[in-house]
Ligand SMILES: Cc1cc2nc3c(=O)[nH]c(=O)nc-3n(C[C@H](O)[C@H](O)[C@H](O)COP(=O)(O)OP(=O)(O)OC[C@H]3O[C@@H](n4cnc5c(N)ncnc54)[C@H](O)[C@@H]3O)c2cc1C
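The data below hold one chain only, encoded as structure tokens and taken in the form predicted alone.
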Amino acid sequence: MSRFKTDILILGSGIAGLAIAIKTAIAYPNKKITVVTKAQESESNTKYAQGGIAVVWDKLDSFQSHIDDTLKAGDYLNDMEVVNMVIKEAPACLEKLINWGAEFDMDTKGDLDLGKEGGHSAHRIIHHKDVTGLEIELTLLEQIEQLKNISLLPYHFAIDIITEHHTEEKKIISPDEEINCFGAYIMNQQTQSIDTYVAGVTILATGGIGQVYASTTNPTIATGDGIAMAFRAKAKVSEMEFVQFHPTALYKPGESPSFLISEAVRGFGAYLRNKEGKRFMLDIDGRAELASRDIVARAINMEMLRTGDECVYLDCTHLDKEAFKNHFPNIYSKCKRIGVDISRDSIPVVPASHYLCGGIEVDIHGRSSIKNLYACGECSRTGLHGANRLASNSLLEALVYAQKIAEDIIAHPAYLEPKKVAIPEWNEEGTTAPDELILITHNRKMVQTIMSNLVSIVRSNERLEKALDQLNYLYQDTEKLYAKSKMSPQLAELRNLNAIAFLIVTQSLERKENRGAFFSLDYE
């Protein structure tokens, strides 16, 4: 076990973590920034984002229009100050990204080609084909390579953040207590050593929670690690009941994660039809296929329940095939590989867990309730999304909040001063390596099954209470494993998924009205 000191510790290597690293590294060339990620450098939810970034760019568009769309999608539970700030600061943040080298699609006039997606009243989606997230990820990684004061550590798994719980053996009861973050315990997956990273400030940019469900568009790394670590440290975590299900994941049983059919395909003109060929969205919402995601996902779910069918269909047969191939080459290629010719065949689709609108509570500067601990991106609850995220506002939020966090750290150099506390090494006394991992994988699948069956698009108090009973058993079983087993990434992820499932269920039980992505049969 080793001990490392760094000025800024960033957990996560998506758009949020990398953008903060770049901005702070430039401002503090003599400070050390360490970025830790549990897989390879580019593996993050950012990498899989297809649609783009929602930014007011066209002269015919307006900030107020984007604000109104964001509020409507969020069922007006959004934080108005945050919505205004993010949307108005977006163009400058996008320009910075372009200056770093990110390339976005242009129209025939040489201007940015602006797409339109569900819930938007204007064309404002900046995109790179149907792999926008990957383009951004690779651009940021190229910038990271040029900055010598940034250390990027792949295959390093953050186990827990360090607080007074560790330094003083203090039992922290309430999120209202004063709590300080001193860094994190991180496992080097090559050596299996759990090392101590002491930091002036720590940033959680760990992404989403999709793997708590059996069907998700999120990669296998999306196990809610940052939120779970913050929750264990008694940070304030809220609005976990607002899990957004993307309406159109490719229906391919047994494939995980599910392949996403971007919102932009419906913005391009595709129709949703049932097995009989009826466009059922016309009866649901005046915006039809371009209604917000919560409405479309719920409508598909109800249509499948009504007909007993396992999927619905996205009809692209009336669209220009060459234009589709040019705009969505990745989606076209995937469909072709499974035998779907978009000029003749409809694409089978189902809703899948996609995005968490809640998370670690942060203020307008990205600060959590724990001192010296920030959160950015999907693991944070900023107030931008309210009860349901507007399409392509996720990369936007991460980009703008990365700027706000960097500005706050730069404005407070005292945050980076060494903390005079005694931090113990990770204690694994009395634990042994498990003979087999089947108990861990079994419990992980059980969590996913419980959440998919009982805590999905449509919920009820009876289902939630049943889920809580079953999750409590799994929690106790996992804690027994944790007490006697040496830590492993598999065990850490299971603990984190248990915490995420618990938060979603308990906060769902606390909500007594249907809003946005939360829908219960008890409050129709």
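Owing to the predicted nature of the structure, the values given are computational and were not obtained by experimental measurement. Residues carry their position along the shown sequence, with the first being 1.
Although it is not shown, the form predicted in complex with this ligand is what the next lines describe.
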Report yes if any heavy atom of Thr217 sits within 4.5 Å of a heavy atom of this ligand in the model of the complex; otherwise report no. yes
Taking any heavy atom pair closer than or equal to 4.5 Å as contact, tell me whether Ile360 reaches this ligand in the model of the complex. no
State yes or no: in the model of the complex, is some non-hydrogen atom of Asn372 no more than 4.5 angstroms from a non-hydrogen atom of this ligand? no
Could you tell me if Ile500 has a non-hydrogen atom within 4.5 Å of this ligand in the model of the complex? no
Do heavy atoms from each of Thr46, Thr206 and Ser394 fall within 4.5 Å of this ligand in the model of the complex? yes
Given 447 to 455, 152 to 160, 92 to 100, 267 to 275, the stretch touching this ligand in the model of the complex at heavy atoms within 4.5 Å is 152 to 160
Pick from Ile347, Leu260, Ala387, Ile300: which has a non-hydrogen atom within 4.5 Å of this ligand in the model of the complex? Leu260
Stretch 353 to 368 - residues with a heavy atom within 4.5 Å of this ligand in the model of the complex: His354, Tyr355
